[in-house]
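Read the single chain below, which is given as structure tokens and is the form predicted alone.
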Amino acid sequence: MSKTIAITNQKGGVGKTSTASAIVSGLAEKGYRILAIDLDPQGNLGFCLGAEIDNSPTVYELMKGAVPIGQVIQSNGTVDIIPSNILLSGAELEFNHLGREYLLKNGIAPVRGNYDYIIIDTPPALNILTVNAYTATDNLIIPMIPEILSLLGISQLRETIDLVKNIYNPKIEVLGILLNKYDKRRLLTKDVEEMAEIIAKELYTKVFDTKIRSSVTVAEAPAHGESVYQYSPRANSTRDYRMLVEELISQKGMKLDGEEKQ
């Protein structure tokens, strides 16, 4: 069975999509079978991975039940992608029927066995799309940046995580908090890092050992249609993302069944 990870934070600008894209590409580089799901109406993850966003069925049609999942999945030759677009922005009003929290989980159920890892990029909000992501996944990664407002966003996630855990998905766990745009020279960074450790304990998780340093590479790579590993393999952020992937797959419970037996 595949391992599923949702990248989440209700605050925007913390590097959710960059993190999702880097994890997807890093795992694929290691030979794993990957499905990337873009659950953000902005469609940025699909764009980063080279998906057709505007003229093809997306996760919106899948969650509506309008098309089977086979018609929604695209491939860039390395990973499979379920893209998103602006049509998904009306989900809160449109998906208002009983069982709406399970739309994504039920939609991807037929193909879960086809992949080693499924990575879900979530919107910067605590809405029905986020709840769908939490219900469909067993693992969360929470990116943040070394700023106080970023910390406040994390603390507000707890209610939603607890709600989903108590009602929809008792298996959900937070794998860790990831510090993005990290610069240890800044005085505020140390203070925020200490506060992140406190919040991590409250979420029964940890702050990842790997920190992602600031780099223009992260912003430039999608514009060139490449992953950070292809675009600038020696950049600090690229090296950091490689270390993150290694740390991720070495965690307890994240190895695949055959690997855990080795």
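A residue's number is simply how far along the shown sequence it sits, counting from 1. From a predicted model like this one, the values you see are computed outputs, not experimental measurements.
The protein also exists as the form predicted together with a small molecule; that form is not presented, and the subsequent description refers to it.
Proximity of Ser25 to the small molecule in the model of the complex: non-hydrogen atoms within 4.5 Å are absent; the residue sits far from the partner. Ala219 belongs to the set of residues with a heavy atom inside 4.5 Å of the small molecule in the model of the complex. Shown alone here, Ile212 lies within 4.5 Å of the small molecule in the model of the complex, counting heavy atoms only. Among heavy atoms of Gly253, none comes within 4.5 Å of the small molecule in the model of the complex. This chain is displayed without the small molecule, yet in the model of the complex the stretch 35 to 43 from 35 to 43, 53 to 61, 66 to 74, 198 to 206 comes within 4.5 Å of it by heavy atoms.
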